[in-house]
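Starting off, we have a lone chain in the form predicted on its own, written out as structure tokens.
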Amino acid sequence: MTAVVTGGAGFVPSHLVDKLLANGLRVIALDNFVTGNERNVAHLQDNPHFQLIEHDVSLPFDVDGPVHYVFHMASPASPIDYVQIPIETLKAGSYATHNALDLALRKNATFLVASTSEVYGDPEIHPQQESYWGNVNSIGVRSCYDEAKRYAEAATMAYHRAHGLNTKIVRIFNTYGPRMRLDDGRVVPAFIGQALRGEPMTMFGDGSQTRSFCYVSDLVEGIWRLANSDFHEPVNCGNPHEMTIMQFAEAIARHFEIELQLDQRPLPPDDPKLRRPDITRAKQILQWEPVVSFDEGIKQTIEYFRDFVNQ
């Protein structure tokens, strides 16, 4: 069986590629390396069941032979990226989604799109469940990402309803682990990188905003289970263990055995105040929930960044 993974050299997609190969699939990954990096899949360069193709999937593409799964994972995914490259971000959610859907339609393949908790915007209900329609600023600085993902979901459901395509939508909450970019602006690599360099941790706002951090191996397991389910509506995948950003900073300081020092800055526009997934649907339909503890996951992530910085 063959799977196509768009954005396959990215953080989460590269872990998904590993999962698919471990399950006996042949994998074709496409990436234009705007935010992905070849080193994330360098360990697979001699694997005869893996192929990496450099291509911008917002442009039409095809692959030879049968395809059984199409995982559309390509998109900038951090605030720094999608503020700097908003048009590319919009194209990843629109043109690229259609191109990936068209490939799945031609190949009669199962299609899964990586959506995001950002479709909920700055939520007015907590925790967030899939039935919530969201509170999104459609013209704000984050809108290129939020609305691109909302459009990708709409396109996916349209292909399901119009063509009977076997589609899945995973709404990914904050995920962390090895292969994140140290400079991608998200709080996990930002705080770890600053701790490694002996710098104060940049705290936006008063640190009372919350996030829920899911280790990447747990997320990938949820994605695989969803791809093989009979469910077509969105499913949250994330860790419901919620902490404030201040608590997260304190945890990083404890792991490094350093005194917490902060660089206080204003909260960015439209930054969500609350973020915690309701994973009832994932538990019921996929029999899935996270199993990696925060302490174990953050330990593995810190070790990765230590090794990366020392290379």
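In this text, residue numbers run from 1 along the sequence as written. From a predicted model like this one, the values you see are computed outputs, not experimental measurements.
Unshown form predicted together with a small molecule; subsequent notes refer to it.
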| property | result |
| --- | --- |
| Candidate spot 190, 204 and 271, all three touching the small molecule in the model of the complex (heavy atom, 4.5 Å) | yes |
| Contact of residue 140 with the small molecule in the model of the complex (heavy atom, 4.5 Å) | no |
| Residue 267 within 4.5 Å of the small molecule in the model of the complex, heavy atoms | yes |
| The small molecule contact at residue 164 in the model of the complex, heavy atom, 4.5 Å | no |
| Contact test in the model of the complex: residue 245 vs the small molecule, heavy atoms, 4.5 Å | yes |
| Options 206-214, 125-133, 228-236, 103-111; stretch whose heavy atom lies within 4.5 Å of the small molecule in the model of the complex | 206-214 |
| Contact residue in the model of the complex, chosen from 79, 178, 86, 240 - any heavy atom within 4.5 Å of the small molecule | 79 |
